[in-house]
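There is one chain below, alone, in structure tokens, taken in the form predicted alone.
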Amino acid sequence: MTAAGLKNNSVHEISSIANSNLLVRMMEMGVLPGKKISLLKKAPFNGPMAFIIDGNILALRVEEADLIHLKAE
């Protein structure tokens, strides 16, 4: 599962980030394997998604959230 498929307020652990030209930028923003991620809000009509990672709110496009792979629970 990826972060794009998260439901509100469910907490998951990041297992990996897909290799893309955004990989370094996402890691600089704190999106790292082992961190906990939670969906805060999702905009309508496939708009941006707001996540909480280490107490910080991070807004990502759906395409970017789809690069974040989560551990199965």
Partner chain sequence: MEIAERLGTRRIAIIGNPNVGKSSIFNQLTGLNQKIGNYPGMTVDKMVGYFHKGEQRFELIDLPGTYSLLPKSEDEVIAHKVLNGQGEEKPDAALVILDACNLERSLLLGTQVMDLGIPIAFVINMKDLAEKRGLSIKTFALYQAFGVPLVMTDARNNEGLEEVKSLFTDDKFVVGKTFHKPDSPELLEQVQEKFGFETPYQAFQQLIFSSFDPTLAKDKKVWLEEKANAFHFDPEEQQTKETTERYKKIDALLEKSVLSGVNKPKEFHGKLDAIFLHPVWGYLTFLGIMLLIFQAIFAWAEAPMDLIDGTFAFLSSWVVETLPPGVFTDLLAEGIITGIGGVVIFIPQIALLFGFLAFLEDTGYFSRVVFLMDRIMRPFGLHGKSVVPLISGMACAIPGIMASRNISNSKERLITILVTPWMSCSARLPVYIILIGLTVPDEAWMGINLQAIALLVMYLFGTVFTLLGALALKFIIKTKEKSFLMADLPIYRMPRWQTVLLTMFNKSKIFVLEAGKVILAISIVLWVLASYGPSGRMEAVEAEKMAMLEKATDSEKDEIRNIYASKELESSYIGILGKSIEPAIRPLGYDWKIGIALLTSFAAREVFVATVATIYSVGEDVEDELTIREKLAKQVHADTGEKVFNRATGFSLMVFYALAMQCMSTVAVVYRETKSWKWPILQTIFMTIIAYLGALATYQIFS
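Numbering follows the first chain given and starts at 1. Being a predicted model, the structure only gives us computed values, none of them experimental.
If you look for the form predicted together with its partner chain, you will not find it shown, but the lines that follow are about it.
Residue contact check for Val11: none of its heavy atoms lie within 4.5 Å of its partner chain in the predicted bound form. The shortest heavy atom separation between Gly34 and its partner chain in the predicted bound form exceeds 4.5 Å. Taking its partner chain as positioned in the predicted bound form, the residues of 38-61 that bring a heavy atom within 4.5 Å of it are, in sequence order, Leu40, Lys41, Lys42, Ala43, Pro44, Phe45, Asn46, Gly47, Pro48, Met49, Ala50, Ile52, Asp54, Gly55, Asn56, Ile57, Leu58, Ala59, Leu60, Arg61.
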